[in-house]
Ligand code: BGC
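Coming up is one lone chain in structure tokens, specifically the form predicted on its own.
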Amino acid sequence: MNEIYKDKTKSANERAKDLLSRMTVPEKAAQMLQLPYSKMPRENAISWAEKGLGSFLHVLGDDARELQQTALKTRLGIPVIFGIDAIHGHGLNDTATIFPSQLAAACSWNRELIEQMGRVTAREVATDGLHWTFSPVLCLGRDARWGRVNETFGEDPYLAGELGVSIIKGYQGDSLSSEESILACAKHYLGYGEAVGARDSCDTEMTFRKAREVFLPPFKKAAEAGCATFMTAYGSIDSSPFTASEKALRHILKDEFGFEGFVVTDWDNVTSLVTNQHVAADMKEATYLAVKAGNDMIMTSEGFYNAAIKLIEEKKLDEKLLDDAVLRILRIKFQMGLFEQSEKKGKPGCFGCEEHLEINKELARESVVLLKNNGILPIKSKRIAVIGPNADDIRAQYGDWTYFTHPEPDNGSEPKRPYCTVLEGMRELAGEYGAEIFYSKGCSVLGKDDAELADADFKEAVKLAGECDAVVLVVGDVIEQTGETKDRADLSLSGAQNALFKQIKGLGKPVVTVLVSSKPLCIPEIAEDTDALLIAFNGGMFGGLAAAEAIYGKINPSGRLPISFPRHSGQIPVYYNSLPGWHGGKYMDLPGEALFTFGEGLAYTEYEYSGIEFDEKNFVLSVNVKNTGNMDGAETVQVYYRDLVSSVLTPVLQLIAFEKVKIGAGETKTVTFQLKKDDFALVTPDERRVVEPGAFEVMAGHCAKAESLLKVEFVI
């Protein structure tokens, strides 16, 4: 019989179909299973490879090579796909380039740099011989209490979709068969971050109409961009687990969006249908629900294998459903060229190379957001006290999903150079600016919150502040407060950080506050009283250097917030694109607006907008932007719209375009956007996306604040 699957002149689909026709039911079931090497004895892993397991995750180096050679010696020789959580760089490898977190990177609003971040990550993952990253996260960070907000691109579906497409292009390159390309994975499908009370993995109180309006658009863009894999979410929609949602997986993703890759469940999702969500009585029923819904690869639920075989033997599950899943997996393996070259070669010597580090530095620089400056910055003081628990804490700066912060922060690994904390950055640049740097930690993030009980470190920090001309205070959160299972009810600064700020500010010294954190925290007092405020989030290797460069004025800050800051945990949610109709528009004991709004960010220059024009026939918007200062800069021009009267509630404001533009001192640029009619669509109660006739406003400006936007009214 002609072995078409071995003929590399044939298409991936032809080869996959031929190979599928030769497979037994056990071989198909094995191909649909992914198991974690780190959670099993080596002998068990070898045994699974001999059965033709489709994928292993979290295995590196010679261990991966041994498993691959075992798989290639099986009857059909189907190669294994190796997956890894390379979330912001190949961070589980201790020599890799570790980038800012997705949330920090999103502050750059820079599609090109995000794509380069993906390209560098892919090159390093491929050089490790691996094939697949479980990234990007396309969930939305609309409730900052959620533990995984740091993994998102922020609160807005348009921004998340644009940056998601960019990093997918970086991961996958021009061809999956390239030695430097890896598979991207759009996750977590669908609405994972919208869980009730920001409780990780809980039910989401949303409808499919709402999903289509807010949560599906980034995933639709990912599918259209050719993202090779999708991952289902832990939670549920309208009390139906995402993993068991045939509507979400088959009807919307595969049929409607035309997704041709494969769907992988999240960790142990199929078992969870039995043990956690209680919608299946046993593993056979859970397997039936998962396969019928459209899951193609089952992560870590080992019992799936025997359950699937039994269901086919008992004729309780249509074997065609297995065929569809396995065909998708095989097609990707052929597209990657794994049957000809099972191990990616990447680019030897690229780990942490100068080219990668420079890209990382540029992204870190563009990820710093200046939110307040009363004139103290760029800093001119000569005796500067750097104080605070996160000033010299590289674990806090990295965030999670790195070799020494995930899954547990105290796993014995030590951080490896190069990296630069805020303190180190201030010291590194001090000579260039004629400054002296003095340091005291002051307090810990997780320590006592009462200044009266302050220890010697606290008192030493206050004393040091009094002896210097200015203070750089670095506060935030730590790895123990972020990530899976780390949802927070209270987003206030923990420990004695607020007390430390008050004591230092009481000295009358100028204070520059830097927030190194995994998410927006509630800092209303600091925002009110500090002289300058910088947001650095989890800036990766060079987040501290970038913050220091911004403080000294070596760079002109250009970061913009991808997420709004609440004043108080009880004010959540504060995302900018809310629906209208709240009686009073505010809590009686808080201002109505967020502390800082989506899109905000200052620079050491100012930008003046004028001359907005909109060609409503061709949907072309133009606006003039002038740099009125004496320093070159980069402005992110943001375009929003509002539907003035609509058949369903529509957001008070919605981002539909943006462009980051370099503008020289004194220069004016006309920025033009080619919009399209569909940008102004809404979703009807029966889930149709339509553009209703009527009046609209289209706006352009600096951020989502009404006073920063120029607007034009038009009629469709």
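The first residue of the sequence shown is number 1, and the count goes up from there. Note that the structure is a prediction, hence the values are computed from the model and not measured.
The same protein also exists as the form predicted together with this ligand; that form is not shown, yet it is the one meant from here on.
Colleague: Any idea which of 50-58, 656-664, 65-73, 681-689 reaches within 4.5 Å of this ligand in the predicted complex, heavy atoms considered?
Modeller: Heavy atoms within 4.5 Å of this ligand in the predicted complex occur in 50-58.
Colleague: Whether residue 484 contacts this ligand in the predicted complex should be assessed with a 4.5 Å heavy atom distance threshold; does it?
Modeller: Because a heavy atom of residue 484 falls inside 4.5 Å of this ligand in the predicted complex, the answer is yes.
Colleague: Hey, in the predicted complex, is residue 183 touching this ligand, heavy atoms inside 4.5 Å?
Modeller: Output for residue 183 is no: heavy atoms all beyond 4.5 Å of this ligand.
Colleague: Can you work out whether residue 266 and this ligand are in contact in the predicted complex, taking contact to mean some heavy atom pair no more than 4.5 Å apart?
Modeller: Flag for residue 266 set to yes.
Colleague: Flag residue 231 as yes or no: does it have a non-hydrogen atom within 4.5 angstroms of any non-hydrogen atom of this ligand in the predicted complex?
Modeller: Heavy-atom contact with this ligand at 4.5 Å: present for residue 231.
Colleague: Of the options 134, 82, 641, 259, which one has a non-hydrogen atom that comes within 4.5 Å of this ligand in the predicted complex?
Modeller: Looking at 134, 82, 641, 259 one by one, just 134 meets the 4.5 Å heavy-atom criterion.
Colleague: Just one of 328, 365, 356, 148 has a heavy atom within 4.5 Å of this ligand in the predicted complex. Which one?
Modeller: For this set of options, the contacting one is 148.
Colleague: Could you pull out the residues of 298-328 that have any heavy atom within 4.5 Å of this ligand in the predicted complex?
Modeller: Just 299.
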